[in-house]
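This document starts with two versions of one protein chain, written out as structure tokens and named structure 1 and structure 2.
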Structure 1
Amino acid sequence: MAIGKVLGCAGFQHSAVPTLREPVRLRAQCRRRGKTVSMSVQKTSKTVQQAEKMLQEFRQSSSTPLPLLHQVADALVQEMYAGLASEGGSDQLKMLPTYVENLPSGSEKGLFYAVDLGGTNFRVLRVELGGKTGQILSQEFKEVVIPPELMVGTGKDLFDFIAGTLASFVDTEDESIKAHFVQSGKTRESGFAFSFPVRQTSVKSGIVIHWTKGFKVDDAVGKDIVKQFQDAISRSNHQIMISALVNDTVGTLAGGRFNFDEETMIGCIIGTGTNACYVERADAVHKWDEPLPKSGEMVINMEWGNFRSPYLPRTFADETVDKDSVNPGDQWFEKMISGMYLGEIVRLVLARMAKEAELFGGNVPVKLLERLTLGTPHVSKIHLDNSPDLDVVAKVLKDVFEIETTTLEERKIVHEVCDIMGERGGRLAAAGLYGILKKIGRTGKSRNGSKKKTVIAMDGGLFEHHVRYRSYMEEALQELMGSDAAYEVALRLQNDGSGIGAALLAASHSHFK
């Protein structure tokens, strides 16, 4: 079988990979007194040449030239229009109205709570906002592990546990804060960040569609999640009103609007998974059958991880990851740009090179054939290694795959595979953001040389910690916008978007404004 076919070459052109021509070492295994001993013998450059050729084929099949990125962006915009036109108009993008029409302005004032439920741990937060100062004066939080039995139990038990934790946290308030609420007659308000599939029915209500991330609370499905939580709070004998139900992406957007400026128009998370939301003109949401909000705007939760297009440069590794996932055929975009899958794609490529080109010697390392052994943090470490001998790469290969000895040429190839994947992921993510900017009319050309500003609030571990990925993303976005763009686009990290954002949205939708 031709190597190009083996690696799924799509034929896109890219700059050639640096040639590795030095002799390589082949580790031969011998048995001595019942133990495996590593030996080094000289070998011709034939093996590294074959691996180098496979590497170049893989780079070509993963290539993301500028014309292709424009095609990806245009395909996304088309699906955005379809998803806004009617319910189910796009079979890829849900384009969910969030009922959030009042994003934080920076003038919010007072003390607000938030509950952030997005996985096996949840957090309760207390945030004091400074009003006209546009500052968060103080913030406290408590993180709690959810007992495993509650993750598969009843809704009542789960929310009684969460409400009890919130109530205990409220009880730790300073006496001056307690006196303020008594004297003012105001009820404490909280935002609720709920990062599970939900069909929102108002800014503070939504129907649970199904559970993910190891949860299976069946009797809560099909019911209003806020009412279930509010009832549990009442059973705790505390008065706390849920003022806003948000997902983590909307929370990131809200935090960006508060911290940066009113030109923050997009919230995006690139971590284990990925999603994006943005501010849309309310009259452009044609499937909206309720009165238009007074602000004339509506935050749309795209659920963009399910975007797919023939323009996405998929390889044999992407096909394998998809086939072995819990949702084959779905979440193409997420599987190509997010952290959950990056390490596995790299492992599959290295495993094929080990089989086809005898990378790492004649015997394929057993651990290299085991699924999900290489995590995205490992890939990031490899990618950031700039030492002359790539010592970090050697350590990761030893720690993860038990490959005791590697040549510099082999480590260079491993480093290059990680670079290819980081570049592809970052550039495709940039194409997605450019598509959103195009939809809201912020990709035009400047007429007089002046530039306006647009901020994209970002969160997620992959974006925050994978420096090269972020750099590729920023560079591609600038390429797409062009030097004569009317808007200067900035990616800004908004840490703890879901928790802080939920508190901010509780403030901006407060009943006591």
Structure 2
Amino acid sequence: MAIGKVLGCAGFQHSAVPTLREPVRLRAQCRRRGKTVSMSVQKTSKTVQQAEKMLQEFRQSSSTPLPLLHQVADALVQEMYAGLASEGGSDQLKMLPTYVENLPSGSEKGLFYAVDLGGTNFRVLRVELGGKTGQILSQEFKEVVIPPELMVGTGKDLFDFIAGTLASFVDTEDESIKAHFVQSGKTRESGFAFSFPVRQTSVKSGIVIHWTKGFKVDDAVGKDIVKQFQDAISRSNHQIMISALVNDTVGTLAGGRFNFDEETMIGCIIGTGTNACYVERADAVHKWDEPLPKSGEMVINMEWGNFRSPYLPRTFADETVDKDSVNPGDQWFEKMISGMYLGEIVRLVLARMAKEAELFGGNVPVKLLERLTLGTPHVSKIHLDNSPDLDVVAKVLKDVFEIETTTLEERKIVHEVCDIMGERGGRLAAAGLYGILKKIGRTGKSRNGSKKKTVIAMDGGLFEHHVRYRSYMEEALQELMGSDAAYEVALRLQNDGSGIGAALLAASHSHFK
């Protein structure tokens, strides 16, 4: 299936919103709308023109033409080789072996839990797997927000909170399930999807390397994350065994393998942060010094958020976001494409336009100067507004920045800034995926016109909800592959992939098999 068809985004290609590359028409519209005070019209036009000029420059500096995307992909491939060669990875890409040698086969059976610590949200899941039918018979989940103070506190406090949430979720089990565990004498098992860089030491243990996405729990670094969690579970007076420690991308890949018929080779998340994993030939993992797995394959967690390259089109806004982050200098790729940063990047651009081109009038709106006021969901809301008057844009500007009234021209500029950044993010993400496909030999031209299929299992709030970002991403991936490609690549949303995948991998690595 073609990517566009899978995600059905074609409707967004031709927005009803006029673009800003039509200043003459904009001014004519102004007249038609019957603005009466000619001085103010002139002033608006002048400031709009100034803002438009800044916008053009900004569009230029953020542009991602096809040759640049190829350069980005090639630079990523080079780093992948470097990361696979050296223990600990390259400067940029850790390329972590996950100890996952076998992905779910579809025959996993029983009731399993999963805990998914992502970034913004934290989920606990209960999943019943049907065995040979290859089906998920039932699933329930609970989602909670991690209290901000725990994101920068101690490991004990964070894990007590997580274990407590899991324990109270387990307590909500049906009586029949409780009876099943009593009768079988089995301990409940859970997968743990943990979306931060970990050096795995087995499929159920791993050392935290460092935190990302605004987390900074210093005393948990350098220690086994499963042990810390398991200790907290004991303190909660529950018996639950963590059977698989899974990066969220690996969970997503595992879920894809379980659900989709075509070959799923990559798991990728674009949510608060971003990362990808893929199925590598085990003998290509030069730093692997243990016996080669029987399957001949090894899932590699790239930790691609830390990729950086001079080809990445960085702007002043990226530099500011980086400088103000808890991890300056790190995670360039992540900071350019993921949800934690997109809103702030757009805010910084708008603030500069307000200051330097008097966008929104002579006084710069105070809220516009406040950090982190604009969230990425606002950005996608603005971007998806294709009403002729951009009413949603007006509402967001009012609600978020307390800008009571705006002109249509101003709203178009705001819309365009969101478009520029959404396009850049989506296209760069596509370049990353193309790099992985290239590394595993799934690019190139078709010799006889036939095409093989590759699926990329996707998850993450930004990918899921920001439909325009997603369509930019799939368009760019098609462009990179070329019309005569040997492989047909499909991006498929593997909803809640990381959690369900963690439960699946807990099942395939169960102690009671």
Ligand code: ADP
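Everything numeric in this text was worked out from a predicted model, so none of it was measured. Residue 1 is the first residue of structure 1, and the numbers go on in sequence order from there. For clarity, a rigid core is taken as the largest C-alpha set superposing within 1.5 Å between two forms.
S.K.: Which number goes with the form predicted together with ligand ADP?
M.R.: Answer 2, the form predicted together with ligand ADP.
S.K.: Would you mind checking which of 426, 62, 497, 466 is at the hinge, with one rigid block turning on the other between the two structures?
M.R.: Where C-alphas switch their better-fitting rigid part, the residue is 497.
S.K.: Please indicate how large the rotation of the smaller rigid part is between the two structures, in whole degrees.
M.R.: Between the forms, the smaller part turns 18 degrees against the larger.
S.K.: Mind pulling the C-alpha shift for residue 506 between the two structures, with the rigid core superposed, in Å?
M.R.: After core superposition, the C-alpha of residue 506 moves 2.3 Å between the two structures.
S.K.: How much does the C-alpha of residue 173 shift between the two structures, in angstrom, given a rigid core superposition?
M.R.: The shift comes out to 5.8 Å.
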